[in-house]
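Taking the form predicted alone, here's one chain by itself in structure tokens.
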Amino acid sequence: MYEFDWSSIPGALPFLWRGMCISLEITLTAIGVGILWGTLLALMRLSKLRVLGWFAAGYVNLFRSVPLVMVLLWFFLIVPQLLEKLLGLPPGSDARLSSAIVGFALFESAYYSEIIRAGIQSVPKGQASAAYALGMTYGQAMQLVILPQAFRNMVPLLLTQAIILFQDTSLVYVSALADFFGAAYKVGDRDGRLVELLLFAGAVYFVICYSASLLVKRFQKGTSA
């Protein structure tokens, strides 16, 4: 019968914390860039210019039809070469974190785009008509009237997608980047206590994500009240 031994966890906490910082850095950066680029994509899809609509639709359909692991592998192979050429970095520079952030940001923006587009369409058309009647341009109406209401409606969905994004950061193991999951796996493999470390990592993910989901539900109830 397997005997559990948790003694390797306390000594590994500093290393695991550094891994958690990497996971959080990827998550927060991807959320910020994903929402900004996703907003632009949503506006393109709603634009009357067909070229912009086709580009945004093609982008969204491409990234939503490809596994995230494959996207991360693409950028792990491509981004280091681009950084070497654009920034003059020496060959073989460690760009695993940069490639992971770029991959997550561009991938998640496709999902944020659909959430934001649905949020914009949820705002009554009369709001836009009233803004135009006041002499606002399309850009002013979107910035001052439509988007603030749309974001208020879709905040719960955006936060839920952020939780999913945090869970998906564990997939950066494909580039051997020591995020929280990768750090736990390395410690467990080194000490011969892989079961204990993976159980510990799973418990940490559960506590963080479940707590965040409860906050999202509470926020959703507060906004609907």
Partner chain sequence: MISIRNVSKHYGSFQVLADCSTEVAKGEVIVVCGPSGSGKSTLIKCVNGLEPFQQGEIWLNGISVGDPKTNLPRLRAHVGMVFQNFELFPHMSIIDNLTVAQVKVLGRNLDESTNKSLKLLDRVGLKTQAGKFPGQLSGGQQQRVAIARALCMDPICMLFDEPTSALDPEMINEVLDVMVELAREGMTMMVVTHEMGFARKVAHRVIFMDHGRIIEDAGKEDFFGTPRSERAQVFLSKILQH
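Source: prediction; values computed, not measured. Residue numbers count along the first chain shown, from 1.
Separately, the form predicted together with the partner chain exists; it is not shown, and the next lines address it.
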| item | value |
| --- | --- |
| Contact test, all of 39, 50 and 121, partner the partner chain in the predicted bound form, heavy atom 4.5 Å | no |
| 4.5 angstroms heavy atom contact with the partner chain in the predicted bound form for residue 115 | no |
| 4.5 Å heavy atom contact, residue 151 and the partner chain in the predicted bound form | no |
| Contact test in the predicted bound form: residue 136 vs the partner chain, heavy atoms, 4.5 Å | yes |
| 4.5 Å heavy atom contact, residue 129 and the partner chain in the predicted bound form | yes |
| Of 155, 145, 97, 106, the one that lies within 4.5 Å of the partner chain in the predicted bound form (heavy atoms) | 145 |
